[in-house]
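Encoded as structure tokens, the following chain is the form predicted on its own, with no partner shown.
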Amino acid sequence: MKVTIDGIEIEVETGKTILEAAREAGIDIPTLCYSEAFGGQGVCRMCMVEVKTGNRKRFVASCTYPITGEIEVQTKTPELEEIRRNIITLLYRRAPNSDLMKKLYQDYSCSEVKGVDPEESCIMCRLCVKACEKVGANAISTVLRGTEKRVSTPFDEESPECIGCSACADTCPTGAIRVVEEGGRREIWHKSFEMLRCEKCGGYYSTLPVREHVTEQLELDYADDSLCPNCRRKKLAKEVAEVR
């Protein structure tokens, strides 16, 4: 079906979200809590757009709004800019130590914010929790309520479910999750892991619990193959080339 986004008419499949359709058309809509791996959450509301159906206009989160009919979409209007400015101001007040939030705060010329915690970087987008669930570890979750709500392991202690994959830190948009890698060890969420070393290039690349978890979940056949992903790809490419 045909939809119009910022005056550009495009063909989209029924059920595709406005955000997906816009990105395929090269139209930028800002996001914070969105990940292609998990789809839309509609948590941060940064991706709000104006949708017109007939004579009716309304604001919706583009990451969760499925296209089921012909609509007109505006991604940049004075009202939307004000909504995003207010969202950024609130999130910056929560996480002023994040470089990303500092940049957005400046780019959108937000109003002055006082009474902030200078050490906080988490905007509570919960992408890290989604990543942990997707991996199958379920080692972290949101705890407490209201202004004290945050992401943590149970009782802020070492979680037996954590496998040290750092998927939570990799997906975090604001760099709020601390990961320390030094001397062949990785520390994350109050837990220390010995890292595996690639037998080819010598670089550290993962932890033993991660390899065991992936091997078990995907039933892979290289459980004893101590290669980093890059060297493994090179090895497979060489084997394919030799077969040809």
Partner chain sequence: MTQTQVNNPDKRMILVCCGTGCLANGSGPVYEAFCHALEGNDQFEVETFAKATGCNGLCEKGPLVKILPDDITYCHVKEEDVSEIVEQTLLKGELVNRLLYRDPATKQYYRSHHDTNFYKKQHKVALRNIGEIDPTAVQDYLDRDGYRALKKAVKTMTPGEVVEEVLKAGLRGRGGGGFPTGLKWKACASTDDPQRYVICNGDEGDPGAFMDRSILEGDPHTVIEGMIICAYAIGASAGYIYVRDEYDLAVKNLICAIEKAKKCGYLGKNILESDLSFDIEIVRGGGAFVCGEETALINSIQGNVGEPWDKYVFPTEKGLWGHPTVINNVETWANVPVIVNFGAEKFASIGTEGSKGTKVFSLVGKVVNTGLVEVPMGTTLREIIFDIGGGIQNGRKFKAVQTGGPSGGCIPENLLDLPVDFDNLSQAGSMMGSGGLIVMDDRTCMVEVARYYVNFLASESCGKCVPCREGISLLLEILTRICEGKGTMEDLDLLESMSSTIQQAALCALGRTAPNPVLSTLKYFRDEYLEHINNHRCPSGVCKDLTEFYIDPELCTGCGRCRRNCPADAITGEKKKTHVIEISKCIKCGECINNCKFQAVKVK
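Everything quoted here is computed from the prediction, not taken from an experiment. Residue numbers count along the first chain shown, from 1. Under this definition, the rigid core comprises the largest set of C-alpha atoms superposing within 1.5 Å between the forms.
A second form of this protein, the form predicted in complex with the partner chain, is not displayed here; the remarks below concern that form.
> Though only this chain appears here, would Gly203 touch the partner chain in the predicted bound form if you measure heavy atom gaps against 4.5 Å?
Close contact is absent here: in the predicted bound form, Gly203 is far from the partner chain, nothing within 4.5 Å, heavy atoms only.
> Would you classify Lys149 as touching the partner chain in the predicted bound form, given a 4.5 Å non-hydrogen atom cut-off?
Lys149 belongs to the contact set for the partner chain.
> Under a 4.5 Å heavy atom criterion, is Val73 part of the interface with the partner chain in the predicted bound form?
Residue-level check for Val73: no, no contact with the partner chain.
> Check whether Thr64 has any heavy atom within 4.5 Å of a heavy atom of the partner chain in the predicted bound form, and answer yes or no.
Thr64: contacts the partner chain in the predicted bound form.
> Which one, Cys168, Leu91, Ile163, Ile140, lies within 4.5 Å of the partner chain in the predicted bound form by heavy atoms?
None of the others qualify; the residue that does is Leu91.
> Could you spot which one of Arg185, His190, Arg58, Arg178 gets a heavy atom to within 4.5 Å of the partner chain in the predicted bound form?
Among Arg185, His190, Arg58, Arg178, a heavy atom within 4.5 Å of the partner chain in the predicted bound form occurs only for Arg58.
> Is the partner chain in the predicted bound form close enough to Arg23, Leu104 and Ser109 that every residue in that trio has a heavy atom within 4.5 angstroms of it?
Spot residues vs the partner chain: no contact at all.
> Just to confirm the contact call: exactly one of 65-73, 206-214, 191-199, 23-31 touches the partner chain in the predicted bound form at a 4.5 Å heavy atom cutoff, so which is it?
Comparing against the partner chain in the predicted bound form, the contact stretch is 65-73.
> Considering only 1-28, what residues come within 4.5 Å of the partner chain in the predicted bound form, judged by heavy atoms?
Heavy-atom contacts to the partner chain in the predicted bound form: nothing from 1-28.
> For Thr147, decide whether the Cα shift between the shown form and the other one is 2 Å or greater, given a superposition on the rigid core.
Yes: Thr147 shifts by at least 2 Å between the shown form and the other one.
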